[in-house]
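First comes one chain, alone, set out as structure tokens in the form predicted on its own.
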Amino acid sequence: MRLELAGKAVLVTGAASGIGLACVQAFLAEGARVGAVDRAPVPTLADGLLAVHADVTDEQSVAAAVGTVAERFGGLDVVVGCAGISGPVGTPVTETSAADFAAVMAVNVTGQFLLVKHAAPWLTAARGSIVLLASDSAFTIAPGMAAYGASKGAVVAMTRALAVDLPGVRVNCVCPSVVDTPMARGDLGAVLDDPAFPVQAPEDVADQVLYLASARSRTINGQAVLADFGVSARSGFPA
């Protein structure tokens, strides 16, 4: 399928590793021009890549990063919000501090909001597309991940709100199950290597993102695409 992304101006946050880096590589492979935004250094990949340092929890930093990419490329066609943290994993809600909860919300929710807020004028002019990273944890949650699940549920709800608030701009989110990234490795370790445990590659998610970013998905707006190997479709009924 031809996605017709060649020459498009794309901005990706959380671009230094994991899903964000896979998205950067996939857009570059399609011939897009990519602004790669992260607090960490972004690998040097190819011509057409513009690496920009920014903290998604800081509004001035986000506004400056968006402006830098948009001005360099003469606008923005696609914005992908991949920046995210897991926060406390395996920690009961009674032991989760308000500071830890707020830190997860600041990156996973406020960071997405600030990205869209400052990219919106450019995307409106281009009738562009936004893809945000949520998670299957917005729908089914493991014990000890209240902060993470709440943040991803907020991204799903915000996706719908943004699709309503930004006429002419398509806004969707992808909700993958566990993805083999450095963050997931740090949280789950060797569990990811269990053949019985279904795990996605970052490239799997990047494929979903590119489709939603492209005009091939022009009828899809305000949606959360759940990609979890069908796990959530199975009833808990003992039969």
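When you see a residue number, it is the position in the sequence shown, counting from 1. All of these numbers come straight from a predicted model, not from anything done at the bench.
Below, we refer to the form predicted in complex with a small molecule, which is not included among the displayed structures.
The putative spot formed by 14, 38 and 107 is fully lined by the small molecule in the model of the complex; each residue has a non-hydrogen atom within 4.5 angstroms of it. From the list 121 to 129, 161 to 169, 92 to 100, 79 to 87, the contact stretch for the small molecule in the model of the complex under a 4.5 Å heavy atom rule is 79 to 87. This chain is drawn without the small molecule; in the model of the complex, the residue among 179, 26, 49, 70 with a heavy atom within 4.5 Å of it is 179. Not displayed here, the small molecule is approached by residue 54 to within 4.5 Å at the level of heavy atoms in the model of the complex. Of the heavy atoms in residue 133, some are within 4.5 Å of the small molecule in the model of the complex. With a 4.5 Å cutoff on heavy atoms, residue 64 does not count as touching the small molecule in the model of the complex; it lies far away. The small molecule in the model of the complex is not approached by residue 45, whose heavy atoms all lie more than 4.5 angstroms from it.
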